[in-house]
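There is one chain below, alone, in structure tokens, taken in the form predicted on its own.
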Amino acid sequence: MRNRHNLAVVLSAVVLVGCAALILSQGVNAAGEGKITGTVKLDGPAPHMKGIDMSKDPYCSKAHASDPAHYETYVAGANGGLANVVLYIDGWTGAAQASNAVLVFDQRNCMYTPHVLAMDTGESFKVQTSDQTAHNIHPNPNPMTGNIPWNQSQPPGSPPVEKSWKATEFIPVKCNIHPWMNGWFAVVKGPYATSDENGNFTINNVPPGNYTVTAWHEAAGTQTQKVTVAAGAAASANFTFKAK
């Protein structure tokens, strides 16, 4: 009986040591991760974005009665910061870096929000509608990538639809009901970020190492920059695009 008790004590100790080692390892790994921060600028004034005529759908037209809608190919802040630029690490070979937040692609006031939704391969996201008019969402991936196109209708009050993409690709999205509605799914591998209206971005959870950061914009193209990330530190990468 005493031997059984001793064995139980030993096993409990082993489990406790293992758990402590795992927690310590996770803490060390988290402490060792760095990040990449920077700003994306637009060289010169932003191109004029054409207004959108929504008169064919009274609901959409009313939603923008006091704030006329414009196309969102270029969205630049007062300081020249360029929004909707996706930043990611080229040639990422590490583990998947899914966001802690729930990714949502919303149909709000007859526009896609956000205009560009970035995600990791295999990362789930939700497509939802906040409007009281019928929509449909129609991504058009390149069939050669292995991503499968779909076309999902969402009448008012429809529940969210959960999706994911298996391969890296920048996928245009349209609505067959409202031809002005367009956006992008930016499917990358590894840590990523999207610049805000001031052009600022932060790519989190980057282990120490040498990397090539790629910046992608739907119209202005792509740029790359090499950075070195130290343990627990922030590297810097800044980009300047010219409108095309």
Partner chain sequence: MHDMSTHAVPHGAPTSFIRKHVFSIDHKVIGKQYYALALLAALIGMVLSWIMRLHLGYGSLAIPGLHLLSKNGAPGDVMTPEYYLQLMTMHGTIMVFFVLTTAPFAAFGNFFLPIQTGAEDMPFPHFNMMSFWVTFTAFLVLVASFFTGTGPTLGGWTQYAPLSAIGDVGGPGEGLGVVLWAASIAIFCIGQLLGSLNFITTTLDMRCKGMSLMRLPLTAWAWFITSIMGLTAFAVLMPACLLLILDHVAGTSFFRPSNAVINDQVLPGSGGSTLLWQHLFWFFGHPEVYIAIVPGLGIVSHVLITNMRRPMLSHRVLIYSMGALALLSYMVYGHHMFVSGMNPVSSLAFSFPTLVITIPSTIVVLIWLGSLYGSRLRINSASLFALGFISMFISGGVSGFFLAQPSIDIMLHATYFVVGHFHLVMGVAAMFGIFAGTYFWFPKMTGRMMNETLGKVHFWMSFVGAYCIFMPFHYLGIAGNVRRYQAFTDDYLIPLIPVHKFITIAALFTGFAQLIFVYNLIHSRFWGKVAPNDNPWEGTSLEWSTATPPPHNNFGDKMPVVYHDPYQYSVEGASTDYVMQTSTEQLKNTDEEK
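Positions refer to the first chain, counted from 1. Note that the structure is a prediction, hence the values are computed from the model and not measured.
Below, we refer to the form predicted together with its partner chain, which is not included among the displayed structures.
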The unique member of N79, T113, S130, N151 whose heavy atoms fall within 4.5 Å of its partner chain in the predicted complex: N151
P155: touches its partner chain in the predicted complex, heavy atom cutoff 4.5 angstroms: yes
Partner proximity in the predicted complex: N140 to its partner chain, non-hydrogen atom cutoff 4.5 Å: yes
Contact of N176 with its partner chain in the predicted complex (heavy atom, 4.5 Å): yes
Which of 81-89, 104-112, 132-140, 117-125 lines the interface with its partner chain in the predicted complex (heavy atom within 4.5 Å): 132-140
